[in-house]
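Let's start with one chain on its own, the form predicted on its own, as structure tokens.
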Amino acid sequence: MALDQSFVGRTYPPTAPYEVGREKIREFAEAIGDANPAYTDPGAAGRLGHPDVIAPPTFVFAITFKAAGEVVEDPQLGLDYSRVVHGDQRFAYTRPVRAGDRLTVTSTIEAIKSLAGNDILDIRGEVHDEAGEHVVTAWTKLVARAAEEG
């Protein structure tokens, strides 16, 4: 069943604040094998002009993907999540995410397309800090595979 095109442009309420912790950043950097000292050493981050350790660029995916869950779980949209695969991800940063940030994400459906029986859903996540300043925009592409006939 095709997704409802009238959902293009729909914006969902901001998420509750997510507090970015040094340990979460360290764990993420370790998991992706990035030994950049700015991710684990406040002194190294400070020498680069940051007030605390910063997160690797893909760290924010965990926050924005969770926020996109509100879109995915919207029963009116009609998305069968059991058929969804992650298609693409990209980010545009105003500044790095850093320890101590309290971030909210506002998700908007940017596009819904159908291609070869697959539904393609583009979600934009606007990430802001506690002061309301923009930190990063994340775009997530989800592909709902066509149901197998048989």
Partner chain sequence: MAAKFAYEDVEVGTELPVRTFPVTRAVLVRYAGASGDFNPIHWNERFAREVGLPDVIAHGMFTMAEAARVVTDWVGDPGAVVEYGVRFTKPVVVPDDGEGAVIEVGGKVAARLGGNLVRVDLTAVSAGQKVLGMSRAVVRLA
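Numbering follows the first chain given and starts at 1. Note that the structure is a prediction, hence the values are computed from the model and not measured.
What comes next is about the form predicted in complex with the partner chain, which does not appear here.
Of the heavy atoms in Ile54, some are within 4.5 Å of the partner chain in the model of the complex. Residue contact check for Ala111: none of its heavy atoms lie within 4.5 Å of the partner chain in the model of the complex.
By the criterion of a heavy atom within 4.5 Å, Ala62 is counted among the residues contacting the partner chain in the model of the complex.
Interface residue remark: Glu70 is not counted as part of the site for the partner chain in the model of the complex, having no heavy atom within 4.5 Å.
Proximity to the partner chain in the model of the complex, defined as a heavy atom within 4.5 Å, holds among Val105, Leu121, Ala38, Ala99 only for Ala38. Residues His86, Gly87, Asp88, Gln89, Arg90, Phe91, Ala92, Tyr93, Pro96 are the members of 85-117 with a non-hydrogen atom no more than 4.5 angstroms from the partner chain in the model of the complex.
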